[in-house]
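Before any questions on binding or motion, here is one chain by itself as structure tokens, the form predicted on its own.
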């Protein structure tokens, strides 16, 4: 296969995965709803800010927001939203035969001004240089959710739940508060592929919002924000965070008669676990000898994943063994001659990139693009972690 053809196939697959769904329109109407078209992509340019505003008021930079919202800024900086214009994404966007960046930037750096800044860097041959990316380097930042036409929008007041237009004499002319910020529909613009993008085996590649709508959490009024922004924290923890993953699962590990048994239940995740095609989760167990050493050839495992691939005919699904809310998977290890067993859950948050996308790109790219992909590949390999690791003693 020619270099360009091979790269195009991999980049097309990777870019499609990286973009997290585009949905036009606004969230479901609530009290003092957001204006129609709030999430129409691509976002429009903000235009000129009022002439009497100070420099910080006019700025779209997250650092300017930190002058009054230091705590939120610090939370955001620790999140993956702040890292959305990642080395893996940029490496693809500057690589040979790469697609127009607009489709990815719509969620990874959604402001029109960010798109302009990144294209200017590309035109100068500096798309790889964060210092040259300007505002785009901020990824999915404050303004991406809170700013339209230089007007600030936010959730209801925390104490009174008051909505509507705030004090016009306040900075930025006040904030318009809407209950839509607490609605899960606010998140679907970047976490739900629209019907127009088709489906693989009847399911969009990114189907998180629809999975949530069918969940017990949705029926109980537990929103995306309830789990991913508790106390309005701008952290958005997910599958990369061991504590977040553990909080949504229930593990039952026991030395049962005849076998070691590991039961894993999606007890608190308000969508499929994991929800998208990038992660892989593996239940594992291995027999131990009298000295507590693993016995070769005894390891058993069960993969929890939506495994997909792409070819000349488009996307296809290999299997889907994910756990829907309330569902369980069981792994059993017969004792045989073992004296005990070790049981654990292995989480690979970036498995699809680590073992599919990046390997292909590293064989096709060179220069700055290859350096970025190599960095992303290294980071992906380091993202894996273990949970629920337990050693069992065989019962007498």
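Positions refer to the first chain, counted from 1. Fair warning: this is a prediction, and the values are worked out from it, not measured in the lab.
Another form, the form predicted in complex with a small molecule, is not on view; read the next lines as being about it.
For this session: State the residue from 84, 308, 285, 121 whose non-hydrogen atoms include one within 4.5 Å of the small molecule in the model of the complex.
Result: Contact check passes for 84.
For this session: Sort through 288-296, 128-136, 255-263, 233-241 and report the only stretch with a non-hydrogen atom within 4.5 Å of the small molecule in the model of the complex.
Result: It is 233-241 that comes within 4.5 Å of the partner.
Exercise. For this chain shown on its own, do 65, 209 and 224 all sit within 4.5 Å of the small molecule in the model of the complex, going by heavy atoms?
Worked result: Yes, the whole trio is in contact, each within 4.5 Å by some heavy atom.
Exercise. With the partner left out of view, is residue 201 within 4.5 angstroms of the small molecule in the model of the complex by any non-hydrogen atom?
Worked result: Flag for residue 201 set to no.
Exercise. Would residue 353 sit within 4.5 Å of the small molecule in the model of the complex, counting heavy atoms only?
Worked result: Result yes; residue 353 sits at the interface with the small molecule in the model of the complex.
Exercise. Applying a 4.5 Å heavy atom distance criterion, does residue 270 contact the small molecule in the model of the complex?
Worked result: Answer yes; at least one heavy atom of residue 270 falls within 4.5 Å of the small molecule in the model of the complex.
For this session: Evaluate residue 315 for contact with the small molecule in the model of the complex, applying a 4.5 angstroms cut-off between non-hydrogen atoms, and reply yes or no.
Result: No, residue 315 stays farther than 4.5 Å from the small molecule in the model of the complex.
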